[in-house]
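In the form predicted alone, a lone chain appears below as structure tokens.
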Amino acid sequence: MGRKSFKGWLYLLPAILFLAFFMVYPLIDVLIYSVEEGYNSASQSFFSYGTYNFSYVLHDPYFLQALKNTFILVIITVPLSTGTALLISLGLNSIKKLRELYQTVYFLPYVTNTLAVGLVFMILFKKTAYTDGLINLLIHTFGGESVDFIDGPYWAKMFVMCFYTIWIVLPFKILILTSALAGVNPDYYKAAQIDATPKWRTFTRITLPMISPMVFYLVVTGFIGAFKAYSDAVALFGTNLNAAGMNTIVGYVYDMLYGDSGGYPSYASAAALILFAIVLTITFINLSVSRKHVHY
């Protein structure tokens, strides 16, 4: 090993130690916990090694409900938030005056505390003894019947959850896509104008291919972020998500560790590894698709 190579590894040593201690070691620990059957957190003992923990989790109604909620959240929020962010970014990119002001306004929710935004949403949608909430007042105005979006039917709660998640992730996506649009070479648009190319064709043939790496980045991180959703549900429906029927996979892991049914790190580890496998599979699928549709 040469002197320069040694110095390079020496510079990397703090980061390597940090990653090993906070990422590699916990992952190994989770793998061990997940195969320890009958683990007792009080006595730190277990019966044997096996796959019972995975079988228990996959047959647990609470986990299946959390899995359903998470998949619905992912399928709805990732495409909608990315598409909406792209439309808003295109609008902002076409504005000349007060562009910075509008960008700041759209970015404000991103720097606002998640729980604070959740409380605002709960006030807007929740029915109380004194009011039906602002959203229900609007529904009444158009002749509809009030709906309890927080403690009511499942579809109403899922609607609020998806709406809230899109609202939270939208500012970051708008910021990224606005920056990507600003980086497109204007000569391409000038050439399209000379050829009298329609705007929709300019978008599909120039704009979208040029910003496709950023779109792909947002889709991948959006999937990962949606699969890790938990604080959003707590902000809207409280800490007892199982009772509300709105738990997520991360919430299930937390409950198995620290909730009312906590003290089961083996079940929590098995659920965490299942989540890891799902996210890894989705990421590989996205990477495979990107090879054909993303232009670097």
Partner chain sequence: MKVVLEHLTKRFPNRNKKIHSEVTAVNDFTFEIPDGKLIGLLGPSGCGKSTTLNLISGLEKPTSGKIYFGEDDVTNMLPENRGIGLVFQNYALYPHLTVLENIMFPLENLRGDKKLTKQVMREMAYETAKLVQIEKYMDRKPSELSGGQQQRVAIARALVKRPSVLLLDEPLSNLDARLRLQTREEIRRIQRETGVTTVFVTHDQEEAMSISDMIVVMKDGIVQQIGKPQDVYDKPVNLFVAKFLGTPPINVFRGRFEGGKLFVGSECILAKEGEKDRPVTVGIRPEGFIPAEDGVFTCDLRSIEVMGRDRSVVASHSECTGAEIRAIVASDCDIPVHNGAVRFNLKSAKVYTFDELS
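Positions refer to the first chain, counted from 1. A quick note: this is a predicted structure, and the numbers were derived from the prediction, not measured.
Unshown form predicted together with its partner chain; subsequent notes refer to it.
- Among 181 to 189, 119 to 127, 136 to 144, 157 to 165, which stretch has residues with heavy atoms no more than 4.5 Å from its partner chain in the predicted bound form? Contact criterion met by 181 to 189 only.
- Query: Is residue 198 one of the residues lying within 4.5 Å of its partner chain in the predicted bound form, judged by heavy atom distances?
  - Reply: Yes, residue 198 is a contact residue.
- Task: Mark residue 194 yes when one of its heavy atoms lies within 4.5 Å of a heavy atom of its partner chain in the predicted bound form, and no otherwise.
- Result: Yes - in the predicted bound form, heavy atoms of residue 194 and its partner chain come within 4.5 Å of each other.
- Find out whether any non-hydrogen atom of residue 295 is located within 4.5 angstroms of its partner chain in the predicted bound form, and reply yes or no. Residue-level check for residue 295: yes, a contact with its partner chain.
- Query: Would residue 209 count as touching its partner chain in the predicted bound form under a 4.5 Å heavy atom rule?
  - Reply: Within the cut-off, so yes.
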